[in-house]
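As a starting point, one isolated chain is supplied in structure tokens, in the form predicted on its own.
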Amino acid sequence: MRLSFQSLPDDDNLGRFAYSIRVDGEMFIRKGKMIAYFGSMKFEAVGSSLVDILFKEAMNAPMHVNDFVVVQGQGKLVLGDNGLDIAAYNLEDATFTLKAEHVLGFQRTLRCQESTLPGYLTLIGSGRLLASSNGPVVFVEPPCRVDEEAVVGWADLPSPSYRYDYQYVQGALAAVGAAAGITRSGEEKQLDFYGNGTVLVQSSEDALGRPGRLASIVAQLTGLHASELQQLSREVSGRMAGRS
């Protein structure tokens, strides 16, 4: 695909994994998600007086304010997120809550604040919002119960409540997996939604940016003694020999 100012759409997907949006003024984007831009634009983080004023007016999220930069100018901007699906949502006097890591960008006309649920951002007002997901998004009507890892966010709904299955958590296999940080399941922790609105669910239960299983196991090795590492090596060698 050859990109140029003329070939890029004003506001539309470039396949599933990139999005082209027209910038005319100011908008916020997540750091590190700009692929390319055409036109006259500049990118500024917190620090300059004008940017600080924009952040103060549009963002009431101190835990996440350093995750975004302000784009100023006119042109077309292409965003991507590590091969994840990207979708645009046009909000009209709406309240839209998303996991913070899913928020790629939003227009200045939207006000962003931290949700009452930790790790989520709530956008209020009218404007365009760009969000990523691990697989296409499915829209679900409440009442429903959803695996927390599959939840992208929700629109025009009260904050959900957590539901834990302690019988599952207390199982020996689940306990070992939780200690190693390599297993999570919808049977363990869910979110209950009620009211009139929409729940956004991604097609995969894998959270964005979660390390792979091998990386999680390797991270546990630093706490093992030499004798334990030798025992682990013998176990791995035995498994490998059995599969050869």
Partner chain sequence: MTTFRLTNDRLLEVSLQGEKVMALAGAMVAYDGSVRFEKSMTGGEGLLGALKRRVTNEGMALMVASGTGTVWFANQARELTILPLRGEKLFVESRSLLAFDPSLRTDSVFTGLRGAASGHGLFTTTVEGTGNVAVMSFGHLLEFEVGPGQPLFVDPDAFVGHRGSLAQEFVFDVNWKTMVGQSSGESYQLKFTGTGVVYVQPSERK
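These numbers come from a predicted model, not from an experiment. Numbering follows the first chain given and starts at 1.
Beyond what is shown, the protein has a form predicted in complex with the partner chain; the following relates to that form.
- Of the candidate stretches 123-131, 78-86, 92-100, 105-113, only 78-86 has residues whose heavy atoms lie within 4.5 Å of the partner chain in the predicted complex.
- The partner chain is not shown here, but in the predicted complex it comes within 4.5 Å of a heavy atom of Ser4.
- The partner chain is not drawn, but in the predicted complex it has a heavy atom within 4.5 Å of Gly39.
- When contacts are judged by a 4.5 Å heavy atom cut-off, Phe43 counts as touching the partner chain in the predicted complex.
- Taking the partner from the other structure, the partner chain in the predicted complex has no heavy atom within 4.5 Å of any heavy atom of Val23.
- Along 5-22, these residues reach a heavy atom to within 4.5 Å of the partner chain in the predicted complex: Phe5, Gln6, Leu8, Leu14, Phe17, Ala18.
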